[in-house]
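In structure tokens, one chain follows: the form predicted on its own.
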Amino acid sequence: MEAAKATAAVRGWREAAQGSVLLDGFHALKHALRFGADVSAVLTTDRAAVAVLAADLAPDVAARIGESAVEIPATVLKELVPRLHPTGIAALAARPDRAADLAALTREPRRAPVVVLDNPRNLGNIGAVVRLAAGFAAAGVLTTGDADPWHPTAVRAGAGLHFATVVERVTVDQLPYGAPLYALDPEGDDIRDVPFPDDALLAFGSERHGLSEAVRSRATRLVAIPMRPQVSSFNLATSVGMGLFHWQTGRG
């Protein structure tokens, strides 16, 4: 009976994988469930170990994980995911409705900034920024360029917190109009002298080339984070964290 259930679960996974979001590891699944993800399949190499993790770290969703998890051999799960997480669990979830998410960012009043990543190149950085945005309760993370912010590597780095905020790839022309855009740039004004309003767009350039001219030209103001001379740059996620902390500490 258990073998038949596992076989059916693997078959269902293969059929649903294309077009679904891969939740790679226990923490990604935990956060996705907490923030309303539609999870369609959960596979694990050890149901008992997952039950212990859930009871210790996520009692609020432990029952849902326990009810949905199907145990399969580690060799099989390794074939289904790019890189098996140490927690030995993976899941599939439906990607949120893009149109609805983007529409939500244009509604007024917006009480938290939107982070704009201008042509980011590193998927791990994108995931780390999503995790920061979720933690600071930012309204969303919008990326331009070719990198998919929902790539499994980015979702893994974001620990499943893509479901806690709006995350989408857009063109520069699709960025919300009407909101002030503060672009982080070494030539800008000192960030300590520039408060960020709640409805701001906070734009950060790519790891190698910085801001594109298209984003710079839309900026309400260029803002710089003070940095020691001869240091080339801060990590992208570090810069976003400082920008969001600056916004949060400057509120009312």
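Predicted, not measured: the structure shown is a model, and the values here were computed from it. From 1 onward, residues are counted along the sequence shown.
Here the subject shifts to the form predicted together with a small molecule, a form of this protein not shown in this document.
Non-hydrogen atom contact residue 233 with the small molecule in the predicted bound form at 4.5 angstroms: Heavy-atom contact with the small molecule at 4.5 Å: present for residue 233.
Non-hydrogen atom contact residue 20 with the small molecule in the predicted bound form at 4.5 angstroms: No, residue 20 sits far enough from the small molecule in the predicted bound form that none of its heavy atoms falls within 4.5 Å.
The small molecule contact in the predicted bound form: residue 204, any heavy atom under 4.5 Å: Yes - in the predicted bound form, heavy atoms of residue 204 and the small molecule come within 4.5 Å of each other.
Any non-hydrogen atom of residue 210 within 4.5 angstroms of the small molecule in the predicted bound form: It does: once the small molecule is placed as it appears in the predicted bound form, residue 210 has a heavy atom within 4.5 Å of it.
Contact residue in the predicted bound form, from 195, 186, 36, 59 (heavy atom within 4.5 Å of the small molecule): Filtering the options by heavy-atom distance leaves 186.
Of 49, 214, 219, 225, the one that lies within 4.5 Å of the small molecule in the predicted bound form (heavy atoms): Filtering the options by heavy-atom distance leaves 225.
Location of the small molecule contact in the predicted bound form, chosen stretch of 88-96, 130-138, 73-81, 177-185 [non-hydrogen atom, 4.5 Å]: That would be 177-185.
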